[in-house]
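One chain comes next, on its own, written as structure tokens: the form predicted on its own.
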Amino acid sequence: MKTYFKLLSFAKPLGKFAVPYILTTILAVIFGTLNLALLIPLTDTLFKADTNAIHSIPFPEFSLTLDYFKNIFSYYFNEIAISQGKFGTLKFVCVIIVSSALLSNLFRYISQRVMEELRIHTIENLRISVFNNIMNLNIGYFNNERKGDIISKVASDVQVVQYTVTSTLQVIFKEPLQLVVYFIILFKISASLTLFSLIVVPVSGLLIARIVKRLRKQARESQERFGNMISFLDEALSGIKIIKAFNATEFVKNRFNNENKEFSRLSRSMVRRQQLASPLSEFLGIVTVAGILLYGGNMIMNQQNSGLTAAEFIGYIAIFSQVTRPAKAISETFTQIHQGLAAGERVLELIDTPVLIVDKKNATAAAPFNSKIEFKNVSFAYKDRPVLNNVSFTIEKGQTVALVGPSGSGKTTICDLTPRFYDINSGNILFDGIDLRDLKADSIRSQIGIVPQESVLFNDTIFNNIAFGKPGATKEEVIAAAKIANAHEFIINTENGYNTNVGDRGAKLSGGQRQRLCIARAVLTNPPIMLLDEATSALDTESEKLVQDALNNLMKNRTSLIIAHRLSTVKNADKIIVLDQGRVIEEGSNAELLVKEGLYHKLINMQSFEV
């Protein structure tokens, strides 16, 4: 129930939908039941021998009871029978039946419209909450989770959840209300027959409960399998070149197919259980109707003193035959609810994942960068894996500072901590003397431009990719940024210039072209601080020169922090910080570090560069 109430919270304001739904459902049930109850006077009129023997009856006194409305109908029925005879009475009953059917279906349509609005409203709020929370999660979360499973939760599981809230409201209100009204009418017609018919209800309920018992567990497992399939698909599409290069096509196919078979097995098992509940409830209902026919028919044929006429018995059978419909709907809905709750648990896990990087209540916006960034005794670990240990250094305004060291020494982590993608475990990172945790994260990041080693482009036009960080940028601004990034020339030679689509992840462009677009994007926002995870390490010589020239243009008059893979690219840096196993072991200019003949000197010799 806890899961259900959490899901129900996304339907707020619930009263906006619940009140009209309840009112229209009540009216639909009343008119729908009246339609069946009118079979009794209709049958009575058709088979009554003599309407001339009918005498006038007084108009009933008002009382808010079912008998009052029944007596009102009887009064007018009686008056028409006296004045217009059998055929007139028959016309009267037919008009009432048609009117009742019209109103019943009209209110049923309105209630379904309201419920559909509630479903769409709920799913819209749920999707917004899921996506917003995903966007707010720290970067470390995505390193530990499969992207395909996240996509499955947002797309598939949310889609399954959408009917849980609406189906449950129907189960707890509409169908039970329909059953209650039916049984009130049935008790009014014959209490003994109704008590006899109620024997099947607990038996049917127990059997259906046993059938759907394992559905929730199976549904959750099925959705997890589907998430795995989406993950495999995402990995296969992303790594298609590597898969083919290593002749791993059959391996990837088998992995996907095995997961697909397991998903299909669970789906078949669930469908069998779902499909069994409905026919079982219907069959038990028909068995009960047959029993009633025997029991009630025997009462009438033997003319027992039951007070039950033939017309009432026919009406009773007609009404009771409809009892199976809401009972069947309840059994079908319970299977949907179990599936929806299982999917809801997975979606809520995503929504309830805590956002680790949160601004303090009293956090202030960072003033424009003016002085320096300081790392003071900074230590950091990814869960239980230490990465930085007591790191201290300073980046003065206007300086170009390079981070060098072996793989795993903590270079990228320092770049991720500077814009506060993670919070440190101990120590301080100061932005103009103020701890990053005391400043609003957005105000810090707005002053930092990032050019990653792996180009990140979106499946959009070149113009929109460059203008990504500055909505509303003019064409002149975008072109100016592209020129600084040495990108303008190749852009105008593409098919549609700045309106050319770059493809999925920039697949239509070369590595050097992608990097230059990323540099142009950083140039356009004109940030005072640049973080560069050296973008030239995976490029050919010609592309490297163009990109390096673009980077040099980008760093002019800016404070820059560079991760250096090729040490020849940082020999002109104002300061070089050498890291090893999460510690700063050397610091100084290129010339100073070469004199020391420490790790930096060793790395230079290993790369066989002339410095």
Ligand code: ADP
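Just so you know, these numbers come straight off a predicted model, no measurement behind them. Counting begins at 1, following the sequence as shown.
Just so you know, the form predicted in complex with ligand ADP exists too; it's not on screen, but the next bit is about it.
Stretch 380 to 388 is the contacting one of 226 to 234, 474 to 482, 380 to 388, 345 to 353, since its residues have non-hydrogen atoms within 4.5 Å of ligand ADP in the predicted bound form. Looking at G410, you'd find a heavy atom of it within 4.5 angstroms of ligand ADP in the predicted bound form. Although the partner is absent here, N254 is not a contact residue: none of its heavy atoms lies within 4.5 angstroms of ligand ADP in the predicted bound form.
Heavy atoms of N143 reach within 4.5 Å of ligand ADP in the predicted bound form, making it an interface residue. Using a 4.5 angstroms limit between non-hydrogen atoms, P406 touches ligand ADP in the predicted bound form.
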